[in-house]
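The chain below stands alone and is given as structure tokens, in the form predicted on its own.
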Amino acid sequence: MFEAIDLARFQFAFVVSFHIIFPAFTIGLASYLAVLEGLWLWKKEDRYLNIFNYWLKIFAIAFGMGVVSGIVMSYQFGTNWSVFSDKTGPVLGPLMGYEVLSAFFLEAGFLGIMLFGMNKVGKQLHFFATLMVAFGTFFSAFWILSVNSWMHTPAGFSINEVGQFVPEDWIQIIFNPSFPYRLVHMLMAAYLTTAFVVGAVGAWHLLKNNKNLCARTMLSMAMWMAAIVAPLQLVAGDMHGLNTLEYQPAKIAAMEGHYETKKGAPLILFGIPDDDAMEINSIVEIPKLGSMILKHDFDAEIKGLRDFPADEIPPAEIIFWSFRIMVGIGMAMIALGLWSLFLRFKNLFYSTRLFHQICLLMGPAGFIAVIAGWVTTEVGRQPFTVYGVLRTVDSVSPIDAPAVATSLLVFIVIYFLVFGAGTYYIFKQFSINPEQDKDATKKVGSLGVSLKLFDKA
């Protein structure tokens, strides 16, 4: 039977996996909406307004589901992780408070204007509201990533007589050693996630009608994002990896599948990790490339898991594969972006059906990569909740396994009902032709409700 701590960990992993796909989508989508509205105001072309209205409805649904799924997570800190909450509260509580006061209030304050206010406040102020919502999503990511990064690379604190983390230097806490790398990596992942969803929807409508102007614009903008940001994400990921090697070397060893310490370590492309035997089988590797990537030296030494204390080793069997899923999808994104550049050069971008079909298949790629990356990061932090200082086993509430199992079942049922319905509606919206609202100039910011007074604004 499962113990309470195992069920509590699974429950948190379940709700986080559900939650993270919504912020990852809405962070990029909020910026996309701001770009679309800015292009419409600048170029006076209705296609940008059509696309803006099309994605505005989807943003509203995804934003709502993201808020609800995030609130549920906070309750679990009190039910299943009360010891963690008590010990880290003096540091993490204010950071989460800043996120609500600055970012969430900004988003919520301007969201209503963005969704319904164009006919009341005018074009320029409506555009400002859209920019504030986009900035709010970015600011929210700033605080959340600061909190999460502090749990990986804690700094600027002391521990009082009752075992609580007490803030000593807020600058060190907020801008802890892994924060800049984690923030950049996550924001790029969010923009790529949105780009591939937008690209897939554009490709879907192009497959039905190759002349669809809105679909052409959506696919083109998405593939520009893929061609430019996906290679930059590779660089950001490499820098994040070097930072992780410095502060969490056991996680890197698990990600790479290195159980033995080696000079001139290989890059293991494929293998089957065995944590019990502390070895990896059926290896496909490139000699010395692992040392080159991690330390920029073909003969550098990479510390293996066998040389870490046995009670500080993360489970390589999970991290090894989740890391490869994330990297594999990232490489596919780069390849698709480069292919799109080639097709543009050959003037075949809008006529190559195989390319459109693959863009459609890559629609959920960003979500899968984000979840795989999150698993790599968070499972790699084990067996600690605050790396090197507070263990997971010392963070859980004094709660019985049946109680956690019951709430877990309730979460699973409700999540699939509520978020299943929301996801169904989003897919229904995807199926609508983005060009069908020919009079969209009279509907901006109205979620489809006709605003005849808009022209007078």
Partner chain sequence: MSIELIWAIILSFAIFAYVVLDGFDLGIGINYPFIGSKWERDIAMNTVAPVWDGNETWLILGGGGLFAAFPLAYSVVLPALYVPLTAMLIGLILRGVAFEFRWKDKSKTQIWDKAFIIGSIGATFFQGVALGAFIQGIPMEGRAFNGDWWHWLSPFSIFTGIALVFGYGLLGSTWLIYKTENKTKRHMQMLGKRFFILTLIMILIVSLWTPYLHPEYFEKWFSYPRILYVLPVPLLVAISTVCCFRALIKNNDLQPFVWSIILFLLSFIGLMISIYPNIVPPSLDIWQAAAPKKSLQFLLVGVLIFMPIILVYTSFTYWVFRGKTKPDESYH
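This is a predicted model, so every value here is computed, not measured. Numbering follows the first chain given and starts at 1.
Missing here is the form predicted in complex with its partner chain; even so, the following discussion is about that form.
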Problem - I71, S74 and L111 all contacting its partner chain in the model of the complex, non-hydrogen atom within 4.5 Å - result: yes
Completion exercise
Only one of 200 to 208, 215 to 223, 169 to 177, 243 to 251 has residues with a heavy atom within 4.5 Å of its partner chain in the model of the complex, and that stretch is 169 to 177
Problem - A34: touches its partner chain in the model of the complex, heavy atom cutoff 4.5 angstroms - result: no
Handout entry: in the model of the complex, F116 touching its partner chain (heavy atom, 4.5 Å)
Key = yes
Problem - Partner proximity in the model of the complex: L354 to its partner chain, non-hydrogen atom cutoff 4.5 Å - result: no
Handout entry: Residue contact check: L101 to its partner chain in the model of the complex, 4.5 Å heavy atom
Key = yes
Handout entry: Listed residue (S322, S85, T385, T153) with a non-hydrogen atom within 4.5 angstroms of its partner chain in the model of the complex
Key = S85
Practice task
Answer with one of V121, L360, V327, V229: the residue that has a non-hydrogen atom within 4.5 Å of its partner chain in the model of the complex.
Solution key: V121
Practice task
Could you run down 389 to 418 and flag each residue that has a heavy atom within 4.5 Å of its partner chain in the model of the complex?
Solution key: S397, P398, I399, D400, P402, A403, V404, S407, V410, F411, I414, Y415, V418
